[in-house]
Ligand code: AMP
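What follows is one chain in structure tokens, specifically the form predicted alone.
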Amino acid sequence: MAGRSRVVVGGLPGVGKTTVLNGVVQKLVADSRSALLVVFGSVMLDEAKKMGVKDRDSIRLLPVKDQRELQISAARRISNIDADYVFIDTHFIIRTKEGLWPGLPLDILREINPTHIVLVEAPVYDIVKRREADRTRKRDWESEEEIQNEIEVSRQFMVVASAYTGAPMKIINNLDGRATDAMEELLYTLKGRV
């Protein structure tokens, strides 16, 4: 796997990580690199549909035990993807009925074996505004204080994940109207491998 990048990119819903990642993948492909964006929750949904789950937002309503099985299956599929750059779009924490839960527990991180761990952030008011504008998802309402707390827990998860895997960690801010800056920062972060 030398020379290959497997980049775990997390962030709360509404930070714009998928927008940033789509731009980065397009840039790498335009530069003749093989790059792929994999949405961890979509890979989980492929398996969850066999259990009668209809959409990604319903996965977090399953018992944690069932979510764990879906995570393991998704991680195994992702670990077998062959590309110069594999970007794994995910959430570092998930709000469940049982409380906050890691989006990528340590055994899942071990299976994925990331070369980089990136947290995309945005100001809380931008997250709220983006969530309200996104009619394609079924999200629970959260207060600004809850969102800020989840940002802090995501940062803590990133530190633990980096310490566990040995992968460098990076926080990238995706300010409103500045997604191109966030894309460029992520590309610069990978420069040693690009």
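Remember, it's a predicted structure, so these values are computed and weren't measured experimentally. One-based numbering along the sequence shown.
Just so you know, the form predicted in complex with the ligand exists too; it's not on screen, but the next bit is about it.
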Contact label in the predicted complex: Gly103 to the ligand, heavy atom within 4.5 Å:
yes
>> Taking the ligand as it sits in the predicted complex, is Met44 in contact with it (heavy atom to heavy atom, 4.5 Å or less)?
In response: yes
query: Hey, in the predicted complex, does Leu109 get a heavy atom within 4.5 angstroms of the ligand?
result: no
Quiz item: Are any of the heavy atoms in Val39 no more than 4.5 Å from a heavy atom of the ligand in the predicted complex?
Solution: yes
Within 4.5 Å of the ligand in the predicted complex, heavy atom basis, the matching stretch of 55-63, 150-158, 26-34, 163-171 is 55-63
Looking in the predicted complex, the residues of 64-100 with a heavy atom no more than 4.5 Å from the ligand, listed in order, are Gln71, Asp89, Thr90, His91, Ile94
